[in-house]
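Single chain ahead, written as structure tokens, the form predicted alone.
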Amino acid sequence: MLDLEPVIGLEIHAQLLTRTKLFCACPTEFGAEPNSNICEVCSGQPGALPRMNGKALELAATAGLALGSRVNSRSLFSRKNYFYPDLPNGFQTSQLDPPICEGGSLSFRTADGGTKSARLNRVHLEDDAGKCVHDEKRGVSLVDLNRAGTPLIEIVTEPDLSSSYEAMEFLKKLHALLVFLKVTEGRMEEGEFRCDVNISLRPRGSSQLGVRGEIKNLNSFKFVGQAIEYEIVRQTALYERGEPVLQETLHFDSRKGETRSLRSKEEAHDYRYFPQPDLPPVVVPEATIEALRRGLPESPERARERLVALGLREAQIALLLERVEFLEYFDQALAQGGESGKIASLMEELFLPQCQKEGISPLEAPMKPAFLASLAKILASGAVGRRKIQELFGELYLSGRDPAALLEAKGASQISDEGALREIVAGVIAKFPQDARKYAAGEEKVLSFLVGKVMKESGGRANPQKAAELLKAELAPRGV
């Protein structure tokens, strides 16, 4: 049996988070009526001239800087010529040499818990093609050009990956970083983050690359892993039978879990790249590059270290690192003196779900960070119970008022006075004598039932910890 090792490189396409397309003012919204978001430029009409989207350029440079790439002060657009029905110009406007960014790397976790770094070859700008819609019932294919001209960056790695696990971990890390930076929304189901996988096999320890296949347009981490695993098995079987591995472009059928050939693999010369005469060179002044570098947020790795040091739970850390605005809101609330764990809990359980329901960023919400910090302090002090805050959160969120004043007006302050609580506890014991005796006899699980009854009798205002302590004291063997 041959001892072969996989060599894997990735070409990742990420849709940039812009309102309009790369070379025209048409919107990039997803799900619009077919061919409703098009104009003379993105539909390839003769004589229509493109105009560069400056925001797309900034986002591409931002991604490159975050990945440690060199941002070139001058780059060029080229025409990448090939025919496909959803490519209205007959060419794709892309960057070959030089691209906007070159070099860089990204580290990720390996299966054994270690860390590995994969080098990047380039990050370049290009526009997307349209979409073919196949109507099998009518036996026709239709073309929707709404996506044509949408701005993309393509991130090309060196062949530094050696397993499906590494490829998936690299992609997850890259996806999280680009979404965190607001370079892309990264919605894979909408095609905003997808990749092509180049994979070949070679004798273990060899430095020579084998003949590679390219698996196109994978839009889920799971499919990437499955496609690589299948292709390793397929290519290994060919080598063991003494048959040649062809250089070809492959499609992964996710239903069958297998790849199939689409066409022989194209090389750069097959596309007949030549400079795009309708676009001038892309010039990025050094001052702009430095301004973008200074504007980069704290890296997710450093933010994670800081959040771990604050004692937050892993689920809370993962949530705060989903979006840079989540972390910004948390930090602003923390700066107001709120307790980190309580702030994170309120954001996780109540605040962020409410923002998601309304479809707004946390920084746009009526409940400002200072108000959430005040609410966290109230929760930490025990003045108001968590249940009461949950009941009133909708009003607290919308009011814009000081939470303490609103909670006081609602009579939501927690009963912590021992004398007042003793009366309620005594009433519950008298009302539920059988359960009281069960607890006194050693059935500890009954305590939560009795605490619940104390909470009900107090209208949810009793301090549950103090109620439990008083119940334990009253129901000690001498108490029943």
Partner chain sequence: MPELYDLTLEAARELLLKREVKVEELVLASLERIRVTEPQVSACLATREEEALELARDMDREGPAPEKILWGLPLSAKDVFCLPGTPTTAGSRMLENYRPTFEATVLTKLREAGAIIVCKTNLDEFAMGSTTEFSAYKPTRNPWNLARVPGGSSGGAAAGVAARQVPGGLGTDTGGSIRQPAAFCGCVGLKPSYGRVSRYGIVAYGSSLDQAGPLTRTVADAGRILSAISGPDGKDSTCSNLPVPDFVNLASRDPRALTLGLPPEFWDGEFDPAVREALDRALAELRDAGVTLKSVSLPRVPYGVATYYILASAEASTNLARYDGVRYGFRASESSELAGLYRDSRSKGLGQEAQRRILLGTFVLSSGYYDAYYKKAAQIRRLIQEDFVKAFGEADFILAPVSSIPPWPFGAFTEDPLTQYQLDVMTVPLNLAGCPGLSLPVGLGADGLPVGVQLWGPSFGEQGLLEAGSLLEKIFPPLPAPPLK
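Fair warning: this is a prediction, and the values are worked out from it, not measured in the lab. Positions refer to the first chain, counted from 1.
Beyond what is shown, the protein has a form predicted together with the partner chain; the following relates to that form.
Q: Want to guess which of 79 to 87, 98 to 106, 365 to 373, 231 to 239 is within 4.5 Å of the partner chain in the model of the complex, heavy atoms only?
A: Contact criterion met by 79 to 87 only.
Q: Let me know the one among E423, E444, E29, E40 whose heavy atoms come within 4.5 Å of the partner chain in the model of the complex, would you?
A: So the residue touching the partner chain in the model of the complex, by this definition, is E40.
Q: From the list G257, G295, G394, P275, which entry has a heavy atom within 4.5 Å of the partner chain in the model of the complex?
A: Flagged contact: P275.
Q: Quick one: is L49 in contact with the partner chain in the model of the complex, heavy atoms, 4.5 Å cut-off?
A: Result yes; L49 sits at the interface with the partner chain in the model of the complex.
Q: Contact with the partner chain in the model of the complex for L279, defined as at least one heavy atom pair within 4.5 Å: yes or no?
A: Close contact exists here: in the model of the complex, L279 approaches the partner chain to within 4.5 Å, heavy atoms only.
Q: Verify the contact flag for F91: yes if a non-hydrogen atom of it lies within 4.5 Å of a non-hydrogen atom of the partner chain in the model of the complex, no if not.
A: Result yes; F91 sits at the interface with the partner chain in the model of the complex.
Q: Please check if E305 has a heavy atom lying within 4.5 Å of any heavy atom of the partner chain in the model of the complex.
A: Although the partner chain is absent here, E305 would stay clear of it in the model of the complex, with no heavy atoms inside 4.5 Å.
Q: Which residues, if any, of 133 to 163 lie within 4.5 Å of the partner chain in the model of the complex when only heavy atoms count?
A: V143, L145 sit within 4.5 Å of the partner.
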